[in-house]
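The form predicted on its own is given below as one chain in structure tokens.
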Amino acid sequence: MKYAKAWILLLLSWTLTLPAFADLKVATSLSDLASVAEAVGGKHVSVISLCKGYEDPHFVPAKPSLMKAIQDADIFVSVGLELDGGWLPLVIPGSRNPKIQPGSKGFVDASEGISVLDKPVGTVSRAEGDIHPLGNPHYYADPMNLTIVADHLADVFSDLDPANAADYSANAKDFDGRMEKELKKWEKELKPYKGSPVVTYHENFKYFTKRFGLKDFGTVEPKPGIPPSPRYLDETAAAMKEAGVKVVLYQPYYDADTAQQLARKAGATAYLIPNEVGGVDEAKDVFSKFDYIVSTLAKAFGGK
């Protein structure tokens, strides 16, 4: 009898220490959105991102494994503005999960409420490259746009899980407050370099340059998604030399050799920066991602 009681107590202790199941299972198309969802959901959510930070969010293979990964999700958060439009329309239906299909309460367009840049005027032609007809979808490069996403997710989580609504609201408020505080620090670091020109590989950095007062000089690509020709690289390098542009930026999913080749021709330096969480090891969440970007740019502009 004594041993039976001991086993019962031991089993109870094991039961009490088992990890609690998440109230909401959240999947996202982008790692930045996953980072925000984790901050807002806290202990009440489990989160996965289908696109890793070192993968090009435009081109994610619509593999069966992605469909299986979201078959039990309660919520799917799309980056919106058709950034994931090349693969998500295959993955979502393939999951056969009615809770996250477009039009359902569990499907979230994270771009709602964002002031979108580069909205095309007139007819959009494929001859202009990989143009996004709804505007530039890389809004997550502006830290303050992520506070809009956080507030939106708090509302969605609260609607689907009202028992924990107070926590979601408080977490979003904490996230917003921290982002505003960090923004002041980042702005201070980059203030000496306001107006400095940069060349980016793709037009995915405009929200950042607008926020911090940097100048978009041009792109390594002649048009979105179009590889540069030798002639284009020579002409761009000559223009960079004349204007004194010393910084070229690229992400891990773009051609580093091409970015570095342009930089050498122009007498500049090419820097790998993450545009998404996980793009480099140091970018573990959205805050450390911006820490990495800002510190890299401050060193680059400062000639270090």
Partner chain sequence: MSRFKLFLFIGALFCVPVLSQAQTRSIISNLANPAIGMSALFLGQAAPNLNQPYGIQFQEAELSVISTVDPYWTLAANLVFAADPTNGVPDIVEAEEAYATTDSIPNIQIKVGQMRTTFGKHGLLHTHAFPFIQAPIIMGNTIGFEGFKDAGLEAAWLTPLPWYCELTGGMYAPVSNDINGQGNHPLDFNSNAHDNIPYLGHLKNLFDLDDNTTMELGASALTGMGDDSLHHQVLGADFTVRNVPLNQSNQRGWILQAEYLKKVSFNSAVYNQETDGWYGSFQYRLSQNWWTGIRGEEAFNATPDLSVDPTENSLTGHVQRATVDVAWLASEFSEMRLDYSLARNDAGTVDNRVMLQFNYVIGFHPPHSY
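Positions refer to the first chain, counted from 1. Predicted, not measured: the structure shown is a model, and the values here were computed from it.
Below, we turn to the form predicted together with the partner chain, even though it does not appear here.
The stretch in contact with the partner chain in the predicted bound form, judged by heavy atoms within 4.5 Å, is 59 to 67, chosen from 37 to 45, 233 to 241, 24 to 32, 59 to 67. Not displayed here, the partner chain is approached by Q101 to within 4.5 Å at the level of heavy atoms in the predicted bound form. The shortest heavy atom separation between P133 and the partner chain in the predicted bound form exceeds 4.5 Å. Under a 4.5 angstroms non-hydrogen atom cutoff, the partner chain in the predicted bound form lacks G218 among its neighbouring residues. When the partner chain is considered in the predicted bound form, S196 lies well away from it, no heavy atom lying within 4.5 Å.
The single contact residue among R96, K191, K210, R178, judged by any heavy atom lying within 4.5 Å of the partner chain in the predicted bound form, is R96. For the residues I226, A170, M144, L117, the 4.5 Å heavy atom test against the partner chain in the predicted bound form is passed only by I226. For the stretch 248 to 276, the set of residues having any non-hydrogen atom within 4.5 angstroms of the partner chain in the predicted bound form comprises P252, Y253, Y254, D255, in sequence order.
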